[in-house]
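So this first bit is one chain, no partners, the form predicted on its own, shown in structure tokens.
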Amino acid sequence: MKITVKRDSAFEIYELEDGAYTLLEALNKIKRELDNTLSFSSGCRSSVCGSCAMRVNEKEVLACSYKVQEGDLIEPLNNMPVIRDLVVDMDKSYEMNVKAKAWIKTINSEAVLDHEAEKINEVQSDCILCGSCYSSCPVYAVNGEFLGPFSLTRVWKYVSDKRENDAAEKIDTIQTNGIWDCTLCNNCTVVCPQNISSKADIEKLRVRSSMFGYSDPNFGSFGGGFDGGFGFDGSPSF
């Protein structure tokens, strides 16, 4: 079985014995037996830490859960500087959480978080910050300051949290380089290993923004935009 790995300035083909390997097992085998200069990141090996995210055949996967196949092309994540081989610098993507103010700012001490309230943003809490959604997002090709899928998902998590007393500030923050820059292509949802739909969360934030008096600036000149919580086709988006 042969697989191709993108190195710093070239593509390297490695030949492995046929077998049922995860990609991470295959990379470790290459490093131990064929080429100890190959660099990649890994951690828990259980699809929990997200540190082994990379691209296979132009799609983001976790190397510890993907079963490697004949002819696979392995590349580092997109939209991030490559440190070496398959290792990327994720600092800028994490900085978007700070720019988006993706945290609880003011706690409403009287809010009771019952089971129903917990269910509202339960899925968003499962984000492992692997960067797959950030890598798959096409918006960065034209706007490197876009807040991005996982930061906006986090914002929705806290905007929808009844313990947050100042959701308005978060809504204000995501109007620039935020929810209206998303193309709703759904790439982020397709590649998320935790089955989180950042697209759906961004749509919810658009609806919530309309409740705070905001509208899509791209549609402003047509007098249209989001009104009353409806999507592009006039039907509810979620």
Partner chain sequence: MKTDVLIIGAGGAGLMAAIAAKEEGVDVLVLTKEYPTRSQTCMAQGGMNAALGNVAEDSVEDHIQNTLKSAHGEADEESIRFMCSEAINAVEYLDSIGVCFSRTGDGKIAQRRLGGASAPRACYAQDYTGLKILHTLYDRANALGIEFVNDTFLLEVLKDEDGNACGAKVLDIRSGELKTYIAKTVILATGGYSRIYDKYSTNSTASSGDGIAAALRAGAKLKDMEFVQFHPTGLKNSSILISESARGEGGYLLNSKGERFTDELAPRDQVSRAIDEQIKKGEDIFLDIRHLGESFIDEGLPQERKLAKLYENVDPVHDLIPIKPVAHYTMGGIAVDNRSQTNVERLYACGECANHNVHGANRLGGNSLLEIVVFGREAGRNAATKAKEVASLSVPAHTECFLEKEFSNTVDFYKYKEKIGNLLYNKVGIVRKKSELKDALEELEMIKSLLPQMGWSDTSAVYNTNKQEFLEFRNIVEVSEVVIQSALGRDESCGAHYMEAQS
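Positions refer to the first chain, counted from 1. What you are looking at is a predicted structure, and each value in this text was computed from that prediction instead of being measured.
Not pictured, yet referred to below: the form predicted together with its partner chain.
Contact with its partner chain in the predicted complex, defined as a heavy atom within 4.5 Å, holds for exactly one of Cys137, Leu147, Ala102, Ile74, namely Ala102.
The shortest heavy atom separation between Ser41 and its partner chain in the predicted complex is within 4.5 Å.
Remark: Lys162 does not count among the residues lining its partner chain in the predicted complex, judged by a heavy atom distance of 4.5 Å or less. Heavy atoms of Cys49 reach within 4.5 Å of its partner chain in the predicted complex, making it an interface residue. At a distance threshold of 4.5 angstroms between non-hydrogen atoms, Asn121 is in contact with its partner chain in the predicted complex. Heavy atoms of every residue among Ala20, Ile107 and Ile128 are located within 4.5 Å of its partner chain in the predicted complex. Listed stretches are 171-179, 199-207, 62-70, 184-192; the contact stretch with its partner chain in the predicted complex is 62-70, by a heavy atom cutoff of 4.5 Å. Residues are counted as partner-facing when one of their heavy atoms sits within 4.5 Å of its partner chain in the predicted complex; in 63-94 these are Cys64, Ser65, Lys67, Ile83, Arg84, Val87, Val88, Asp89, Met90, Asp91, Tyr94, in sequence order.
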